[in-house]
Ligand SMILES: Cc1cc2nc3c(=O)[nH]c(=O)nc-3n(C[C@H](O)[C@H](O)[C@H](O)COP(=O)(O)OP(=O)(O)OC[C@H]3O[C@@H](n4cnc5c(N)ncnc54)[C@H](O)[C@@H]3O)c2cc1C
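Listed next as structure tokens is one chain, alone, in the form predicted on its own.
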Amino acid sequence: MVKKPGPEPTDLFPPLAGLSPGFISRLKELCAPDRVITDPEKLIDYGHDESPETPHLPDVLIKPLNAEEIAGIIKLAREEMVPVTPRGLGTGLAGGAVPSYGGIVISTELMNRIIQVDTENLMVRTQPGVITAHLQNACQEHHLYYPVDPASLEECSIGGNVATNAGGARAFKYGVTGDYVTGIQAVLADGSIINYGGKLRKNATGYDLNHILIGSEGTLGIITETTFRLVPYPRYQIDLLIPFHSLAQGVELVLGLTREKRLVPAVVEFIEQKGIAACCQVLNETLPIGDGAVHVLVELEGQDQEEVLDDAIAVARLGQELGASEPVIADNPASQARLWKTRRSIAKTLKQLYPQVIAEDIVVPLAFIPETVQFLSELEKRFNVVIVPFGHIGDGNIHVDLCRTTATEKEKWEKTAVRVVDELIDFVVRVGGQITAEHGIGSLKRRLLKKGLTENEIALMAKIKKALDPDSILNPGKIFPEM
């Protein structure tokens, strides 16, 4: 057995001395042998996600095809007290899919079937391994819209989106993943299968089991099927990239649009000049933009072309009244894709430019966005680190990427980064914000949970975990500071 890097042994899960041949044979009776993998070289890709969390190899990887196979695996794992880590496509940024205690990784990548796009009920049923963009495209073919769009939508799975309650750029108008879930099939820690909800717009029957599982990061159950409600697909779209001298002007734009114009854009994003410069450098592209310190990306959409155009004129005028330079207007798919490529590429390009990046995703009340970005600037100067903020003005969610330069020694930078994050989170909580908006806690943010929640709140969550997973076999080492 290959020795795995990992956390210190605990009473809950002593270090595994390799799973016995008999145990592996029983797993192969539950799933086809070629979907039960123990080759260490093939396990490497399943020991990490896109976070900087230390990789941990699982003892075995299993790729089930349905809920019944997962149920059998869970029953066996519980019988033998072997930890189980559910995994989508590994695009998470908080270490949620890293098998902290080895054991079994259950990958849902082969459960990638869109079961039904129901045009009569405006619903879609899907397995968890479907790529988010593929789900959107399948719905669009029927002129229906699944509007939740995390930046990694071309790579992330819909099951991972549900497990983290993912958001994305369109959350300002449309909300987040959990706002569209009407039904969930899941395997619980005792191997039982539940089918809660369905194609229902309303459901007040007992506790809302959907929202107990949404955002639980695989610690309460493994989601094997989800039903989402859909909305009509908008016929027309116009994007504007508006250069401002300060982020405060961008926030005033949002407030002015909603308060005075009664207008709710689908998207209101911001990108600092540093982020745009990084994208242009890595992507080897230039954008026809001004020298604004902050660029605000606004997307307008609707069913009436003239109405969307009128809204775009109103946005451009209000921006200029607030001191913006002339906006870039994209009214066709090619020009829109060019603008969006920059926004969606920021996180990836920073990882290509810098040897190490820590990605935080704080959320604050909308009015505190300028003050928060100013605080980030102060932290950058005081600690002499590179900080690139970007993200969702409309819902107060700021992505904060701390970047290590090649000239900075790794150990020193990591110690500094901890201090920076601690000061940032203290500030965020002080102004009424929270430590994560859409990435989740995973293993990386466990130590911060006590800053964001009270002891009573954490204790209540721990009771729910204990009730649903008394042996703590589902994704141990996640969310709770100690579990």
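Because the structure is predicted, anything quoted here is derived from the model rather than measured. Numbers for residues come from their place in the sequence shown, where the first is 1.
Omitted from view is the form predicted together with the ligand, to which the following refers.
> In the predicted complex, does R229 have a heavy atom within 4.5 Å of the ligand?
Close contact is absent here: in the predicted complex, R229 is far from the ligand, nothing within 4.5 Å, heavy atoms only.
> How about G90: is it within 4.5 Å of the ligand in the predicted complex, going by heavy atoms?
Close contact exists here: in the predicted complex, G90 approaches the ligand to within 4.5 Å, heavy atoms only.
> Is E69 close to the ligand in the predicted complex, meaning a heavy atom pair under 4.5 Å apart or at it?
E69 lies outside the contact set for the ligand.
> I'd like to know if I242 sits close to the ligand in the predicted complex, meaning any non-hydrogen atom pair within 4.5 angstroms.
Output for I242 is no: heavy atoms all beyond 4.5 Å of the ligand.
> Work out which of P83, G396, P265, P86 lies within 4.5 Å of the ligand in the predicted complex, going by heavy atoms.
Contact with the ligand in the predicted complex is made by P86 alone.
> Work out which of I369, V315, C156, A77 lies within 4.5 Å of the ligand in the predicted complex, going by heavy atoms.
Among I369, V315, C156, A77, a heavy atom within 4.5 Å of the ligand in the predicted complex occurs only for C156.
> From the candidate stretches 431 to 439, 450 to 458, 33 to 41, 412 to 420, select the single one in contact with the ligand in the predicted complex, where contact means a heavy atom within 4.5 Å.
Heavy-atom contact with the partner occurs in 431 to 439.
> Taking T126, D179 and P234 as the candidate spot, are all three within 4.5 angstroms of the ligand in the predicted complex by heavy atoms?
No, because T126, D179 and P234 lack any heavy atom that approaches the ligand to within 4.5 Å in the predicted complex.
> For the stretch 165 to 179, return the residues whose heavy atoms include at least one within 4.5 Å of the ligand in the predicted complex, in the order they occur.
The stretch touches the partner through A166, G167, G168.
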